[in-house]
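Consider the single chain below, provided in structure tokens and representing the form predicted on its own.
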Amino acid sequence: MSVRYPKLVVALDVDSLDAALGLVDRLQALDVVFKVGYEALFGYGDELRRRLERAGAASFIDAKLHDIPRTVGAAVRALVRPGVEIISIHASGGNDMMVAAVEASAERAAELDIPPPKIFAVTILTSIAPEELLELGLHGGPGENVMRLAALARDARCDGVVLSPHEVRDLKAFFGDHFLALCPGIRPTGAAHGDQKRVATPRSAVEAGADYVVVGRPIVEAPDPLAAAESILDEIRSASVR
């Protein structure tokens, strides 16, 4: 039986369409997923999404939607298109909002006759330190809050959650391997953490059970982004997969 390794998601967090397309051209042959976050989505998102679709590249639209159910459902419909593999929403938006997103993804994909994008619910941002949770009115540690929000997302039929690599083992133990884990905050050994607080190496995220690992600056700011991405893929493939 072949081993199924997690997918590498490359965050296109760059300030211009040309820079983003340059990264896509360099990295597409590696079979990675390209994350379109706020900087790209609001700056040049329409054209980037068209070009990704034209190139047949897989994308993760990291919209982190959080609004009333009808608004989120309409936004998801607008984001569904060929090649979109994942769309993110906030678990803290509640059951009705998450259900609206899941249903909108399935309905719009059926209209287009394409596979529906997976809906992932963001739990606790990896930029939030444990001591900051109480300031937000959240009692308990990151793990407790992640599991509580993950349970809501599972009940709303989301495909998985966005969470720190540190909470993946507990997530998989409780919800099973079919409930997917997408992990930002991935930094190769020796890389600067930037504004991420709860980070892990690619190897440790894989060995915890992550299904998608997101890497941005260590690739996009590298002198040779292709070599940096290949190095991270080598680390992923050398890890012991659960």
Ligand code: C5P
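Bear in mind the structure is a predicted one, so any value in this text is a computation, not a measurement. When you see a residue number, it is the position in the sequence shown, counting from 1.
There is another form of this protein, the form predicted together with cytidine-5'-monophosphate (C5P), and it is not shown here; the text below is about that form.
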Open item on the list: If contact means a heavy atom within 4.5 Å, which one of 24-32, 46-54, 170-178, 213-221 is the stretch that engages cytidine-5'-monophosphate (C5P) in the predicted bound form?
Closed with: 213-221
Open item on the list: When the contact criterion is heavy atoms within 4.5 Å, does L125 count as touching cytidine-5'-monophosphate (C5P) in the predicted bound form?
Closed with: yes
Task: V162, heavy atom within 4.5 angstroms of cytidine-5'-monophosphate (C5P) in the predicted bound form - done: yes
Open item on the list: With a cut-off of 4.5 Å between heavy atoms, is P202 one of the residues that contacts cytidine-5'-monophosphate (C5P) in the predicted bound form?
Closed with: no
Task: Partner proximity in the predicted bound form: A11 to cytidine-5'-monophosphate (C5P), non-hydrogen atom cutoff 4.5 Å - done: yes
Open item on the list: Could you pull out the residues of 35-65 that have any heavy atom within 4.5 Å of cytidine-5'-monophosphate (C5P) in the predicted bound form?
Closed with: K35, D62, K64
